[in-house]
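Before any questions on how it binds or moves, here is one chain, the form predicted alone, in structure tokens.
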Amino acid sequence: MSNTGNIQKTDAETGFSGHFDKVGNDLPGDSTITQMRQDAIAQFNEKGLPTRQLENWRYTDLRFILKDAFAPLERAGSVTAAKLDEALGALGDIEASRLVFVDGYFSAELSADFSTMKNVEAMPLSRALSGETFSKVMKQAQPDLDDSIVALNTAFMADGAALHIEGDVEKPIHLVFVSSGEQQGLVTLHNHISVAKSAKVTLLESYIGLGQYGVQVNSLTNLGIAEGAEVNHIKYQAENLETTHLSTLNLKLDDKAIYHEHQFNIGAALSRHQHFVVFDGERAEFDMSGATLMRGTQHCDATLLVDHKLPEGRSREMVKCVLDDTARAVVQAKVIVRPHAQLTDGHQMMQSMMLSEHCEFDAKPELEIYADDVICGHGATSGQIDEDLLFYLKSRGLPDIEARGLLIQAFVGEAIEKIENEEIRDALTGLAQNWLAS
């Protein structure tokens, strides 16, 4: 594997058919970044891939699932603007400033309007890492997380989006990560986004897979939201069914910061979306909704850790899963309320609609509360299509397949309706309809 040194440990110790010993010098960054990489790879070497022995990974045993470590892709494949827009579907028609990365590398040819955005400083991470000031900022923002996937990302981060938002941004910022499918490989993406006081922005993040070959995607986003700022973040994951997608969001909220997120997942053979959310300010708000549509043998894991450190925080998590064939969905959400976080308001809801007798839904809501003046609750449900409602629709003349599609659309629609941007909301509704029609 390029960018790594000797392979030393055994498969049983690491879970891979090889092991990373050190990081080479051909990745971007100065001495500060190089030291971060070396520390991260040492952490990964110590722990290896996570297994079900770790509580947060009990339903997604990577050491069992991933037998091979792909070499990092050394070049971007060929993707035309027409192919990209076709793959994005209705999301490609949305008027937005666009930063595009092909096989993990920034593509200036496919990007548009990002350099002229008002109140935004934007550049590829590969360029930002070469700046001494940014390297210091990166070091300060790097998450102190005991997580092997985060460590692997830090060690091999090659490119991504570096954004600093100073004020209100009129158009959405669309970060597009596309895999050409021309070759197998490891794609390591690292996004660093800071939102200044009282700013407001809509972020649209799309992961698209073309071609026949799958990749191993490891994506990390560090997102800091300052006092009174508001971020609406929509993530669309539709990579091909040969792909493994591992993503991490490291989110910090200052006083009165607002973060609304929607995740829409229909792609990848294996995907894991983990959130580490810290309320570093009072009266902050975190609201996450998700719609997961899986069939075949797909496996999708959404794991969240929400840490209320200070008073009057508000958190909401709602995930809707539609499963068919032998697909499996995992939703884990742990909310911690610290002793000083009085008047916290937290709620979790996890729901699945199971279209087959052989699919599986694992729900694990948790509350860990150390304050006495809080309003917190959680719930989880799973079931099949309501036969009474189905009979009612069919009795009104709807064919069986249309009636079922309408009920499924209504089920996931509750999550999609929380998206503030009407264009994006309508686009995702259409994509959900396309999934049902197929």
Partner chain sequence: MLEIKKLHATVGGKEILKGMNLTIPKGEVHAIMGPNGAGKSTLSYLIAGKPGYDITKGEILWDGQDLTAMTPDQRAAAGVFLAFQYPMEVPGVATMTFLRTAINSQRKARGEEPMKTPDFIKLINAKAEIMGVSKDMLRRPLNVGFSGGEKKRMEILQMVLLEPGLCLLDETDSGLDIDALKTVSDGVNSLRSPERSMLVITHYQRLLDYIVPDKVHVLSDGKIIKSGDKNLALELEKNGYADIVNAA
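We call the rigid core whatever largest set of C-alpha positions still superposes within 1.5 Å between the two forms. Everything numeric here is computed off the predicted structure, so don't read it as measured data. Numbering follows the first chain given and starts at 1.
The protein also exists as the form predicted together with the partner chain; that form is not presented, and the subsequent description refers to it.
- Taken together, the three residues 52, 54 and 65 lack any non-hydrogen atom within 4.5 angstroms of the partner chain in the model of the complex.
- Note on the partner interface in the model of the complex: the residue among 371, 376, 406, 42 having a heavy atom within 4.5 angstroms of the partner chain is 406.
- Here is the short version: of 35, 384, 381, 395, the single residue with a heavy atom within 4.5 Å of the partner chain in the model of the complex is 395.
- Contact between residue 402 and the partner chain in the model of the complex is found at the 4.5 Å heavy atom cutoff.
- Only one segment in the set 27-35, 406-414, 42-50, 56-64 has any non-hydrogen atom within 4.5 angstroms of the partner chain in the model of the complex, and it is 406-414.
- Residues of 365-391 lying near the partner chain in the model of the complex, listed in sequence order, are 388, 389, 391, the criterion being any heavy atom within 4.5 Å.
- With a cut-off of 2 Å and the rigid core superposed, residue 376 has a Cα displacement that falls short of the cut-off between this form and the one not shown.
- If you fit the rigid core between this form and the one not shown, you'll see the Cα of residue 36 move by less than 2 angstroms.
- Core-superposed comparison between this form and the one not shown: the CA of residue 412 stays below a 2 Å shift.
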